[in-house]
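A lone chain, given as structure tokens: the form predicted alone.
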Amino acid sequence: MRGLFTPVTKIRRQVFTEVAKFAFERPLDGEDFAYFYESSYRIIPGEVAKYRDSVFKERAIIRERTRLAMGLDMRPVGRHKNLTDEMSRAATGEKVLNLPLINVIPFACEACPTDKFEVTDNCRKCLAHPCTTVCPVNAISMGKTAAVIDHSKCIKCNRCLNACPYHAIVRYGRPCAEACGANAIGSDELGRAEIDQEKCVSCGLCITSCPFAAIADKSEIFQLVTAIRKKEEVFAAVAPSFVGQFGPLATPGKILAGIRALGISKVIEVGWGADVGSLHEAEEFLEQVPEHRDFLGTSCCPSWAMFAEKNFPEISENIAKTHTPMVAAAKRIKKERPNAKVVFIGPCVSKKIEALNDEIRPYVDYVITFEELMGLFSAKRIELNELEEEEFESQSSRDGRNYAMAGGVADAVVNVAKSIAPEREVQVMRADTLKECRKILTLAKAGKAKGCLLEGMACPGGCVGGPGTLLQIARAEKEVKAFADTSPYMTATDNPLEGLT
């Protein structure tokens, strides 16, 4: 559903806008949060349900989404807790996020089937009915108008599906679980989706896959706006996948102007940090592989690194020790402006988890997605296409900007390695989505990746397919490539990597 403006998109954006609007307009010294009692009525007006069977249920879901957008935990379902409890703690410029980051709102979940075969209207009740012939457990019979599947007998072998000449049998599952390459989504006692936080790596693809808007992550937009209003110096580090995300008329210079119009002091490219990472990982690869390590895995995707650690602990030490581009850029900002606040703006939910790490906390104050940034623009009534274009200073190489796409990280590291050791051939294995990452890590565990550079990305297409994006992947790739080609530096070795501020 990425790139489509669905009711789910509308609801998410309305919640972010409501939270951001209150953050911009509330008295800084007050603790009256009655605004949020009314916000669910602004989003869901009237008496007639628009999306579900009850308007009261719709508003209850909006209220839980509001708490999550404030950075707070959901309230327990089985007992009363005031909507505004703990909001005073969230009304600060300091980080308030804690785990779990991604949450299923139980009463928003429709308990979708986890794995089911259905006979569709395509069934012609044909004379041959091969579906009944191939079924090894006699789970299919011919009914009055069509084939009928006895689900208590079905062993889900796919034979009927493959045998039907009319493609009348379909197999489908729970969208969030099918999107989860970490196999972290199961069911609770009522058949609703439930996240196993021990397995979850916060890639966030379940959020974009749920057609009922039942899964949401926590946000830091309230804390960011509060810091801005308290006259903190705030620097934004923007991921290279930002181009094109806000419409065809929103050029990089206009997006820059929009971010600055929020009250942010300066905007820098995270691609600068990508160039730093390329240099470090190329050196690490040349020094370590294969003499000391069988292979080297790239480190820019936190979900990929967490996935390797949780599922392949025996080889996870082969993931590069380099900081992600977000952290490299934030460290440089803090070095030059120790008192500044740093917000990372990108496509990624798992960066919020990374920023909770004790080692990273001093450098990255907030993480928001492009979708959350859109909520901030909406709250401030900022129309990007109406703004004067600001000059976008080139701080990143072409390769650094191409980190946003699957394959771009490995290409950047290989280009640096070739400049250092032209005689060295670097074999590359790539994977985007955690299901594909599992495959290459399985090969690596079996010793079939010796001497290779492994690039892992949790999202389809790489960062351009992240859960916080607004644009279809193919279009986003085109925009990133065009923007990358405008850089005066081709590779990380060409970039002088001078000060950011």
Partner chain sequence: MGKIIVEVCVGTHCTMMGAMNIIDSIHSLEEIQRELDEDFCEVEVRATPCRKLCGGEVNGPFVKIDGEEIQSAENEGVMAAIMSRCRSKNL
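Numbering follows the first chain given and starts at 1. Note that the structure is a prediction, hence the values are computed from the model and not measured.
Although not depicted, the form predicted together with the partner chain is the subject of the following passage.
- Here is the short version: of 249, 190, 128, 77, the single residue with a heavy atom within 4.5 Å of the partner chain in the model of the complex is 249.
- Among 384, 320, 179, 234, the residue placing a heavy atom within 4.5 Å of the partner chain in the model of the complex is 384.
- Heavy atoms within 4.5 Å of the partner chain in the model of the complex are found in exactly one of 285-293, 241-249, 258-266, 395-403, that being 241-249.
- Although the partner is absent here, residue 17 lies within 4.5 Å of the partner chain in the model of the complex, judged by heavy atoms.
- For the chain shown alone, residue 377 is a contact residue for the partner chain in the model of the complex, at least one non-hydrogen atom being within 4.5 angstroms.
- Although the partner is absent from this view, residue 440 stays clear of the partner chain in the model of the complex, with no non-hydrogen atom inside 4.5 angstroms.
- Mapping the unseen interface onto this chain, residue 471 counts among the residues with a heavy atom inside 4.5 Å of the partner chain in the model of the complex.
- The candidate spot formed by 136, 151 and 153 lies out of contact with the partner chain in the model of the complex, as no residue has a heavy atom within 4.5 Å of it.
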